[in-house]
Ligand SMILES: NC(=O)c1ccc[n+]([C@@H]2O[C@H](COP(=O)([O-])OP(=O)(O)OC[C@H]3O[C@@H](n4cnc5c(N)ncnc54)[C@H](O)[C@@H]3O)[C@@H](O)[C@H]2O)c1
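Take a look at this one chain, the form predicted on its own, written out in structure tokens.
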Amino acid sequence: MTLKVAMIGSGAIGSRVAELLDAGAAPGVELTGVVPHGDAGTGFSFEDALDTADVVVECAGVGSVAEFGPRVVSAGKDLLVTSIGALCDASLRKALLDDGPGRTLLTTGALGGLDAITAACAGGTIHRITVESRKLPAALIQPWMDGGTKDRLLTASHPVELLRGGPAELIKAFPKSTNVVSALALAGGDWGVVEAVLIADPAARKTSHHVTAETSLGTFDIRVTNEASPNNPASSALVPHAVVRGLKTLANASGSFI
């Protein structure tokens, strides 16, 4: 049976996923169409996606998860989310994970070790998870920063710790840097157990994440350094491949890690 897939978003992630699917990277998966950013109302629409697809893949940012996600699952379709940071919102999280009848699936994105943390949560206790993320200062400039703050950040010659706190603090101050911490909170089954440390590092030519998970079934130390997307330096080049791997597993799980 062919798994029919539609996508929301045609940016750096969505366009690459479409390219990979068209090239046959996921046998058994058929791309029915791509809804442009913001559902432009021309060409392939969100309604077309619901009509033609078994799975709708979100590749358009946290706003699109809130706008389209509940409508996907309420229509009985499966939703694959790349912008996991959207699930920091408790009401949206409930709508997507609990209300159904469709399922919400989460891509591993640019992070490893989520399977081990999820297993430890299922079979034991998660004591503490910390994630230290390092990015170039320019990638962490925010609209709320004043001119002096921006200048100090861009001219820094050494690493600067910008935030230390949980998902709620992170999404308020750095909303585009929430995917990793949200994924860890979901894997650990507790939004209060995760602490994020966000560092602007002028030497960080690649985005890196250092995760330490302390559990009753072991301690996991995970380090990931990601190549940037050639079309969007703020996005990991790994994410589209994670999406395609997930779709391939849904279409044909034989021989796959699940």
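One rule holds for the numbers: they count along the sequence shown, beginning at 1. Worth saying up front: this structure is predicted, and the values here are computed from it rather than measured. What we label the rigid core is the largest C-alpha set whose atoms superpose within 1.5 Å from one form to the other.
This protein has a second form, the form predicted together with this ligand, left out of what is shown; the following refers to that one.
Engineer: Does any heavy atom of Gly61 come within 4.5 Å of a heavy atom of this ligand in the predicted complex?
Structural biologist: So Gly61 counts as contacting this ligand.
Engineer: Answer with yes or no whether Val35 is in contact with this ligand in the predicted complex, where contact means some heavy atom within 4.5 Å.
Structural biologist: Contact with this ligand, yes.
Engineer: Report yes if any heavy atom of Val5 sits within 4.5 Å of a heavy atom of this ligand in the predicted complex; otherwise report no.
Structural biologist: Close contact is absent here: in the predicted complex, Val5 is far from this ligand, nothing within 4.5 Å, heavy atoms only.
Engineer: Heavy atoms within 4.5 Å of this ligand in the predicted complex: does Val180 have any?
Structural biologist: Yes.
Engineer: Which one of Gly165, Pro175, Gly124, Gly76 is close to this ligand in the predicted complex, taking close to mean a heavy atom within 4.5 Å?
Structural biologist: Exactly one listed residue reaches within 4.5 Å, namely Pro175.
Engineer: Report the residue, out of Glu67, Glu214, Glu227, Asp48, that has at least one non-hydrogen atom within 4.5 angstroms of this ligand in the predicted complex.
Structural biologist: The residue from Glu67, Glu214, Glu227, Asp48 that makes the contact is Glu67.
Engineer: Within 4.5 Å, heavy atoms only, one stretch in 227-235, 22-30, 186-194, 48-56 touches this ligand in the predicted complex. Which?
Structural biologist: Selected stretch: 227-235.
Engineer: Do any residues of 8-22 have a non-hydrogen atom within 4.5 angstroms of this ligand in the predicted complex? If so, which ones, in sequence order?
Structural biologist: Residues within 4.5 Å: Ile8, Gly9, Ser10, Gly11, Ala12, Ile13, Gly14.
Engineer: Once you line up the core, how about Thr108: does its CA shift reach 2 Å between this form and the one not shown?
Structural biologist: No; that C-alpha moves by less than 2 Å between this form and the one not shown.
Engineer: After core superposition, I'd like to know whether Lys176 moves between this form and the one not shown (criterion: C-alpha shift of 2 angstroms or more).
Structural biologist: Moves: yes, 2 Å or greater.
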